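So this first bit is one chain, no partners, the form predicted on its own, shown in structure tokens.
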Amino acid sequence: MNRGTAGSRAQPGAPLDADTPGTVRLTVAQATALGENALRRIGYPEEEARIIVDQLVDNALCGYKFAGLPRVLAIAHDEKTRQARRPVRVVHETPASALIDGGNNVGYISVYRGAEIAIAKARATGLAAVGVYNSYYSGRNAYYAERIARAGLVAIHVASAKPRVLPLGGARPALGTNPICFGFPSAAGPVVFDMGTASLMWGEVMLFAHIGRELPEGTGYDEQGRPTRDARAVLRGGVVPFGGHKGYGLSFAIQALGLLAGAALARGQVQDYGFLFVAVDPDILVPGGVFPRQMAELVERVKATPRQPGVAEIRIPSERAFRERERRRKEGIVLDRKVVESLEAL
């Protein structure tokens, strides 16, 4: 464990992430043990802790700092974690669909189960739709979409949530951060596009509040609907959608798709968590197993586009994350020291 040495990402040959006195560098094994131990101390059994931390460490490896081990702190302090949990169960099912009651389990567990069911059903029928409700905090959508794509399937995944985002012109939150994600199998490896429809994901706001860092200008509002960069004040207020009316419209549509996943069934609230998967076997539309090869060709053609002056490379979605994942497996994961100390103190 490296507890802060000099370094800079700008220096040739330097690690991806700089070490500072306020950071701690962990190996993948150390980060995994830190997360699993913290989760077990707050009541998660070994297998569930393993599933959760597998995603959190992968998130960190891919460069999503807020979606890594700091999420254990969010889980630990969320009121839902202190409420009773029931086993995840299928409450309605057809050969091509399933509706899953998450039993108030964290989404890293229940949505993981939803993705596994979507894979099994799409392999059997060619097309599957799976919804998960009565859950929360599913993490990074790309994690699930990549799993589905690696199974040879096309994935569409959306997640609605409780209000954190102000509608255009609103002074109070009315929408979730509401991400949307696509995953495609390719002969050259999965291609994944994942985006939130909020200007900031809520995990970023929570992390900035925890470490005392200001938010970017124009993204956050306090509980009175006044703009602020104070992350702690934004936790009592909300953030705005990305991209003006386009991001707002997309966020609204995802909130509606959450209803299709059963979002209102848990508490009778139409503004709540709902996780929807659609998984498609490409062969039901393009037979002969040609889709992965076509996807690889599409990637090659896009990357071969003539570049503007000063542009070294045209990248495709997920390429940066996958490259950095492999580097951080060797270089380690850098965490804020305050996060590590908080995890050790749980």
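Take the two forms, superpose them, and find the largest set of C-alpha atoms that agree within 1.5 Å; that set is the rigid core. Note that residue numbering begins at 1 and tracks the sequence as displayed. Please read these numbers as outputs of a predicted model, since none were measured by experiment.
Another form, the form predicted in complex with another copy of the chain, is not on view; read the next lines as being about it.
- Within 4.5 Å of another copy of the chain in the model of the complex, a heavy atom is found for all three of 99, 131 and 196.
- Contact with another copy of the chain, judged by heavy atoms within 4.5 Å in the model of the complex, is confined among 229 to 237, 138 to 146, 244 to 252, 80 to 88 to 244 to 252.
- Exactly one listed residue, out of 321, 295, 51, 28, brings a non-hydrogen atom to within 4.5 Å of another copy of the chain in the model of the complex: 295.
- When another copy of the chain is considered in the model of the complex, only one residue from 265, 73, 117, 206 comes within 4.5 Å through any heavy atom, namely 265.
- Contact annotation: residue 289 falls outside 4.5 Å of another copy of the chain in the model of the complex, judged by heavy atom distances.
- Of the heavy atoms in residue 175, some are within 4.5 Å of another copy of the chain in the model of the complex.
- In the model of the complex, another copy of the chain sits beyond 4.5 Å of every heavy atom of residue 46.
- Interface residue remark: residue 270 is counted as part of the site for another copy of the chain in the model of the complex, having a heavy atom within 4.5 Å.
- Using a 4.5 Å cut-off on any heavy atom, the residues of 305 to 330 that reach another copy of the chain in the model of the complex are, in sequence order, 305, 306, 307, 308, 311, 314, 315, 316, 317.
- The rigid-core alignment places the CA of residue 186 less than 2 Å apart between the shown form and the other one.
- Core-superposed comparison between the shown form and the other one: CA of residue 218 displaced by 2 Å or more.
- The two forms, fitted on the rigid core, differ between the shown form and the other one by less than 2 Å at the CA of residue 95.
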